[in-house]
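To begin, one chain is listed below as C-alpha cells, in the form predicted alone.
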C-alpha cells in the first residue's frame, strides 16, 4: 500500500521532514505559506490556516491521506491532531491535552513536579504580575522569566544574563502576559534530545546544541534559533555518555507519565555540574534541530509513522556517524527590525556539498526573497564538527547581500569554549 502523507506546516523544519519522507510516500502539504523546497517534493501544497482543524481535516479527506505529520506547535495547541484522529486519519503528533507539555509552561512544571520527574528546577507560577515582581525582588539568586504560553522561543528573559532584576520587573509590567513562570536560573550548557514516541515507547536521537542568541559570541536578543550542531556520537563534546543517558532517562520518565502520547517529545536540557536539568519540553521537532537529525537518520521515517499507526513496536533508529552543523541566514535587522524583500542568491545547486532548507521566504518574480523571519538554513555533514562547519559556511558565502549569519556556530573555537565552560563548572 502506498501511503499518502499530509505534512502540516511550511517552515525549515517541515522542509526537513518533507525531505525525509518524500521518496517513500505520496506527500502533500498544507500551510499558511508556500515553501518552495516543500513544493518541489510534494504532489500539492494547499494554502490554508494550519491552525484551523476543520480546514486541515477537510484537505486531508480530499487527498485521502492515510497519515498526517504535524510540524509546528500552533496547530497542536489548536487541536488539529484531535480533529484528524477523530476523522480516522492517524496524525503523528500529540492531541491538544498532551501538547500542553509545551503549550502551557505552568502545566509543564506542575506535571513534572506531580510525577516526580527528575531535573525539574525550583519554580513558581503567577497570574498577578505585581506578585511576580515581588518574588523577583525577594528571590535569593537569578531567575528565568517565562510567559506561560507560546512565544515562538522569544519570550524568555534571564536575570543575571540578559537583564537585571529591575529590568525583569519592568519587562513584566510592560508585557501583556496573564500568567508567568519564574524558575531558578540554570547554569551550564544547553542541549536538546528529540524522541519519537508512540504506543508507550520512544526512540531517542543524538544530542544537538542550538544557539538562540542573535549575534556571534552569544550576544543579543533571543531568536527562534540561529543554528545548531551535532557530533558523530550520541553525545556532544562537552558531555559524557553517562550524562546523555541521564537526560534520556528523564525523557523516559516523562513518556511514562504522559498517557497515550504520540509524536515528538523534544527535551531541552541544561547540563549542570549536578547533571542534566529540564529547561523545557516541546511537543514537536525543533527548528533548527530537526535539520541536524533528519539528514543523518538512516531508518526510514515513514516506517516509524506506520509502526506508530499500526500499534507496533517502533523500529530502532539508526543514524549515520556524521557530524552536522546547521546555520540560518536571516534578514538584516532580525529579530528586532528585520528588512524584508532581499533576493536570496543561493539555491540547492549552488549550495555545493551543503543541504539547503527554505524557511520563511517568498517566491516571486522568478526568484526567492526574504520575509521578516528566518529565511534559509544550510546544513553541512562531515566526519567532524569542524569540517561540517566549513561546508555550511562555504555554502552561505553565496547567499547574497542583506542576509546575516552567525558564522561562529560549530567552529572549533566555539566548541572548545563549551568544553572549557563545563570543565570550569565541574571544578
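Here the structure is a predicted model, which is why all the values come from computation and not from measurement. Numbering follows the first chain given and starts at 1.
Beyond what is shown, the protein has a form predicted in complex with ligand AMP; the following relates to that form.
Interface membership of residue 256, defined by any non-hydrogen atom within 4.5 Å of ligand AMP in the predicted complex, is ruled out. Although the partner is absent here, residue 189 is not a contact residue: none of its heavy atoms lies within 4.5 angstroms of ligand AMP in the predicted complex. Among heavy atoms of residue 120, none comes within 4.5 Å of ligand AMP in the predicted complex. Proximity of residue 280 to ligand AMP in the predicted complex falls within the 4.5 Å heavy atom cutoff.
The partner is absent here, but in the predicted complex a heavy atom of 185, alone among 234, 185, 100, 179, sits within 4.5 Å of ligand AMP. Distance criterion of 4.5 Å from any heavy atom to ligand AMP in the predicted complex singles out 158 from the list 158, 129, 204, 346.
Although the partner is absent from the chain shown here, none of 291, 322 and 411 has a heavy atom within 4.5 Å of ligand AMP in the predicted complex. Remark: of stretches 111-119, 76-84, 353-361, 143-151, the one touching ligand AMP in the predicted complex is 143-151 (heavy atom within 4.5 Å). Contacts between 250-273 and ligand AMP, taken as any heavy atom within 4.5 Å in the predicted complex, involve 268, 270.
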